[in-house]
Each structure stands twice: as C-alpha cells, then as structure tokens.
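Just the one chain here, the form predicted alone, laid out as structure tokens.
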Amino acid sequence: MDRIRLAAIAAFAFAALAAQAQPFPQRAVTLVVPFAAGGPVDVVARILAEPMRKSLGQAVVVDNTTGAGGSLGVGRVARAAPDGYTVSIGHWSTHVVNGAVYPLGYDLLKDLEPVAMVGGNPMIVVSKPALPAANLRELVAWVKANQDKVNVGTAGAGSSTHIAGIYFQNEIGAKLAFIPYKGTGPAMQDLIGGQIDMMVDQLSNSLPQVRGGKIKGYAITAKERSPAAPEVPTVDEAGLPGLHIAIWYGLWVPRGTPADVIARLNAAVVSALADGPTRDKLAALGMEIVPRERQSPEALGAHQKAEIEKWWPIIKAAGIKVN
C-alpha cells in the first residue's frame, strides 16, 4: 500500500511539474476593460485582442467590468491570481487619476505590474462657435477678462476633461466655473449649442466637430502636432507652452506575475502594434502609437510613476474627490 501511495504522490508531483513547465499561455487570457462596451478603452482592447490572439496562440477575451470610474475593473485585476491570465487595460484616468480621487482598495504602483504602453491621444482646447477669440492667445485673454462668468464643460468630477480644465485654469492664472455632465457627449452638445463656453477635450472626440465648423479648436496639448490633425497648432506654438496632457493607454497584470509571463504578454502587444491593419485602426481613433523602445514594461512603469508624481499634487490641490 505504501508503495502504491508513494507512486501516486510521485505521479501527482510529476504532473504538477509538467504543468508548470508548459509555456504560457495554456488557455484563454482575459483582458479586463474597466468601462462599458463601445467606449474608447473597449474599442482599443478589441482592436488589440485579435493580433494578440495570433501571437499568443490562445483566445484573448475582452471582459467589461464597469463602475466607479474604472476603479472596479482595475481592482479586479489587482486582486486576481498573478498568472498572466487576467490582464488590465486602461489609461491615464484609471491608472493615474483614480488614485488621487477615489478611495481605492489597492495601490496602482505596488499591486500591479506594467506590461506595455500602447499609445496616446492628446487633448485639444475648444470653445463654442460664437466665442470671439480667433487663436489661443486671444482665448486666454478673453477667459482672463471674463473669468467670473466663463463656464467650462467636463465629463464629470475627476474626468480627463475636468483635470485638463483645471490644468488650463492653473496655467493661465484664472478661476473658472466647471460644469459637470454625465459624459463627454452631453457636454459637447451644450458646447455646440453655446450653453457652455469651452472645454479641454480628447482630440479624437472633438476633431470631427472642429472640422465640421460646429466648435472652434485652438491648440492640442502636446509638444508636436498630431498626425491626425496636422493643421492644429500645439500649445507651445500657440502661446501656452508646457500645457501638455495626453490620455495614454497601457496594459498591466497583478503584482507577482512571473517575469517570463510578462515578457510573453509584452511580446504579444509589441507584435500587435507592429501590425499594419492594427496600426491603421488605432490611428483612425487619433491614437499615436509610442515608439518601440517605449513599449516595454519598464518604460510604462517609469511613465506611470512620473505621471502620478505630476498629476496627484494638482488634483489634490484642487480638492477633487469622488466617493
């Protein structure tokens, strides 16, 4: 009996070791989107999922876990098994801003491991069509002269449009009134209708309205002009240098995920970003894919840390909190 028992134990141990020795992945990988289907993060996730599947040899299943500004979906990944099968995709708001505005039950830097940075989408300073300013310098002068009655639209407290609007306010030395909406869509409708004066919005969202003559566009919040809108000057060119803000995207896994698993996931993302049709789909969203050397886990980790150090003091000084 002892001999049989020992043989069974040995067989079980051998099977366990064999399972561990199998290359990752052996089953589907879940890509957790912390927002509803159809939103910007969801669209990016679904664009990446198919080329990542080809690289990994296993399905990449997009799963929408929504709520609390994306913090619930990110928290799900932070608490998941560190085996590479549950991956977080998010952006500047979910992996930087939320740490300053929500009472998170996890640490954005300590409980997650970076996998790869994807790319970014700059913001653009826009106004209602009837506003008299013809360029950014004139807009700043008009806002400062009328700051007691200027209304700035946002997609809600702690949103990218809110933080960007506060950054604009701080940089020009004014005190503005921020009007929260339930999303960028209704805010844009009121901007087009002239019910609010201005916004600092994602380029991909505002550009069609600017080109359609429904709102005015002044400058993008980047150091260089966007390939998606080469006709729009940068804030540096237009007279407000240093007003740089971008909604950048990346992927993370739970802390403790083996280095070889992270390397495998990173290789799948890098391969996807080198794929021509995938690049074209992302470019159509106004996203600028980061250079190859910035697609590494180390580059994403360093960038996220630097962004937290830059934005948390600004956010906390503004007293933005979401319970």
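Heads up: residue numbers just count along the shown sequence, starting at 1. Only the largest set of C-alpha atoms that superpose within 1.5 Å between the two forms is called the rigid core. Fair warning: this is a prediction, and the values are worked out from it, not measured in the lab.
Although not depicted, the form predicted together with D-malate (MLT) is the subject of the following passage.
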Query raised in the report: Would A155, T184 and Q202 all count as contacting D-malate (MLT) in the predicted complex, using a 4.5 Å heavy atom cut-off?
Result: yes
Requested in this report: Using heavy atoms only and a 4.5 Å cut-off, determine which of V41, I47, V29, I262 is in contact with D-malate (MLT) in the predicted complex.
Outcome: V41
Query - Interface residue in the predicted complex among T234, T86, S71, S160, criterion: non-hydrogen atom within 4.5 angstroms of D-malate (MLT) - result: S160
Query raised in the report: Does K128 reach D-malate (MLT) in the predicted complex, with heavy atoms at most 4.5 Å apart?
Result: no
Query raised in the report: Heavy atom to heavy atom, is K216 within 4.5 Å of D-malate (MLT) in the predicted complex?
Result: no
Report task. Tell me the stretch among 142-150, 75-83, 160-168, 236-244 that has any heavy atom within 4.5 angstroms of D-malate (MLT) in the predicted complex. Result -> 160-168
**Report entry** Shift of K182 between this form and the one not shown at or above 2 Å (CA, core fit)
**Finding:** yes
Report task. Using a superposition on the rigid core, decide whether the Cα position of P82 changes by 2 angstroms or more between this form and the one not shown. Result -> no
Report summary line: Shown form as baseline, in the predicted complex, CA K182-F35 shift of 3 Å or more puts them closer
Query raised in the report: Against the shown form, C-alpha atoms of G70 and M199 in the predicted complex: closer or farther, for a change of 3 Å or more?
Result: closer
